[in-house]
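Taking the form predicted on its own, here's one chain by itself in structure tokens.
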């Protein structure tokens, strides 16, 4: 069989198996096994040796130790109700503005994103906490769902992010180390949160019925000093944790893995300080961490098997020859790669997309002269849309699971569309101005 046929057949088999609903990690490994056997003449020992070496290499990757530590940090923070206290204070501070409660959700999710990085936790927590408040104040259902779902996905981009730990572990390059990725994501993450903030503010000022302010009587219950005290009291603990994690990484004092350990310890201290720490919380957090880490690592192993077989049989060369040999300029090639990632995000989990596309696209991007760190960040921003794009956007279903009665999927689909367009606009801005990504890594780590 020709190499081109094998390449198309391998991808087609993967897509068919996923469409039939088979578990993704096992699907990746099974497709890799089938085509690996075909490619090497059905030599089982040879394929077993290759898979064993790849699995051992993953388990030996020190950077990936950060994954369970960051997940444990997120689980402990979720149970310590940090986001709840912050939302209650911002409810009073920003609620008097048109769209103020929506703005409060964006701020809380931005802070929560910088401390957890777990999308499900952010969307579910804010869905339970903020949706009743938004509905009681007369917010449009579509806008309320769009604000919570879009803001909740900031955790995948704003560091510390599990996705970037996986990305850094996949590439194994100095330019795309976890530290560089974290530094490179700070400004894009803040830019995207600011774009959400500005959009909500402008839209609700144009049409106040979409997001009415709280009553003047409710807004005037507290003095300016009381509002300041409430905000600082709820904001300082998570900011201290962010500084402990990100500050040590950017200062070069700790590796991302060491900083993750510091973050998990800090989250435990915050849970203790808020009187939420007990054996039940510890057991539930540890069990949730075990389940999530196992899922991520199984995906990692399956994806590694798939990419090893695909690249080993020459599939990466076929894709590279197709794109580079087509005669298109590098920006057209970039647009095609981003479109592929965007459309895959409608149907496949972000981890599988990374594991399948990064080994193929990264060499192509470097061959046509793109900065690897900048290209990596474009991939990460693009992958954020995978949580919002129908039909299988995870954030949409997380929200639907906790939404009040009367919410339909159509309300949610309509609500997220402006925010998906904002994400795509941010992708275009980063494409035009690479310095937004590369400036901070250049200051802290001397990256290009």
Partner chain sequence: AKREKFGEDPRHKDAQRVSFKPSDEKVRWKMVMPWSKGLLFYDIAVHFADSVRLASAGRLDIKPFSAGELVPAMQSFDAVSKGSAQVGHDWPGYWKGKNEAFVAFASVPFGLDAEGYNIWLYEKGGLELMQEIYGKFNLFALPGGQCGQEMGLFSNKKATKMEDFKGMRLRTPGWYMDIMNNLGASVSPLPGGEVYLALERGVIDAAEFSSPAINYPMGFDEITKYAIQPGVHQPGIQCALFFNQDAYNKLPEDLKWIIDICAKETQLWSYNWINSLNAKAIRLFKEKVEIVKMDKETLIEFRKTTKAYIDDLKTKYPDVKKVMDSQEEFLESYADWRDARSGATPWPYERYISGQITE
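In this text the structure is predicted, and so the values were computed from the model without any measurement. Residue numbers count along the first chain shown, from 1.
Omitted from view is the form predicted in complex with its partner chain, to which the following refers.
Using a 4.5 Å cutoff between non-hydrogen atoms, residue 252 counts as a contact of its partner chain in the predicted complex.
With a 4.5 Å cutoff on heavy atoms, residue 274 does not count as touching its partner chain in the predicted complex; it lies far away. Looking at residue 46, you'd find a heavy atom of it within 4.5 angstroms of its partner chain in the predicted complex. Contact check for residue 311: a non-hydrogen atom falls within 4.5 Å of its partner chain in the predicted complex.
Considering its partner chain in the predicted complex, the lone stretch of 51 to 59, 375 to 383, 400 to 408, 416 to 424 in range is 51 to 59 [heavy atom distance within 4.5 Å].
When contacts are defined as a non-hydrogen atom within 4.5 Å, all of 39, 174 and 444 contact its partner chain in the predicted complex.
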